[in-house]
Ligand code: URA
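Listed next as structure tokens is one chain, alone, in the form predicted alone.
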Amino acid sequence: MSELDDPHAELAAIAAGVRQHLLEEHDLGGAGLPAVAVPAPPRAQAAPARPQASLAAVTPAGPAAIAPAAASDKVARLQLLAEQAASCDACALHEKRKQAVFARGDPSSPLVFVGEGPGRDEDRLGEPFVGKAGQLLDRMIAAMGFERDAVYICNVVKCRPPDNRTPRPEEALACARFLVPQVQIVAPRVIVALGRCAAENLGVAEAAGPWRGRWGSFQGIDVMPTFHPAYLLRSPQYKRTVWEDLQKVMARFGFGPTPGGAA
């Protein structure tokens, strides 16, 4: 009897998969598997958007600024944007970059994560979220039930700010020529804004006051702002808080509970 025909081997494989999921969720502060998947209810209406930041008002021009299209066309249009970002000198961030860091993942994904900017590892390797914060983000994505490369990940700015500082408003505005059409081309159902910088630039957080865990909207796309993985590395006590925010995203896709009531 082959391993594929052995029911005991099959049960062992299933048990191993469940154990891995529980370990990933536990790392985020969770306490058990999400509820069993059920048919998705009618899509909940997003909360009214807060006044959007300057990025939200940018109207890109050129071949990238057209309606969403097929996956192959998305790849071609995103590649064009990536090439333009690689040679961009619109702000001072280009002066010390090793390379522009455009995105990673599936451009046809219904879920996009937006961070603030690349760090040292990302600047060296040319991919967003590949350092320690990226490894934590990968575990967050896995705990949500998604494969690492089944989501799309990018940043507000495509070049590394010196000493990994927060991007300045003028730098974010200069990079809006890439981020805005990038989001429009991917056309996800939900964006997770990682950190206050991303939330502010996507127009779902004010400059002061509470901001995370509240649904907003960018270019007609639902946005859930939450803490950046790098912040969780310094303050792991907030992992459970972020997990609650991510469960709201899971509920928007029709699986998992919505902690604390309606999203």
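The structure displayed is predicted, hence computed values, not measured ones. A residue's number is simply how far along the shown sequence it sits, counting from 1.
Keep in mind that the form predicted in complex with the ligand is missing from the display, and what follows is about it.
In the predicted bound form, the ligand sits within 4.5 Å of a heavy atom belonging to F129. Proximity of E171 to the ligand in the predicted bound form falls outside the 4.5 Å heavy atom cutoff. Not displayed here, the ligand is approached by N155 to within 4.5 Å at the level of heavy atoms in the predicted bound form. Not displayed here, the ligand is approached by G119 to within 4.5 Å at the level of heavy atoms in the predicted bound form. Stretch 109 to 117 is the answer when you ask which of 143 to 151, 109 to 117, 87 to 95, 178 to 186 has residues with heavy atoms within 4.5 Å of the ligand in the predicted bound form. Contacts of stretch 204 to 235 with the ligand in the predicted bound form, defined by any heavy atom lying within 4.5 Å, are made by H228 alone.
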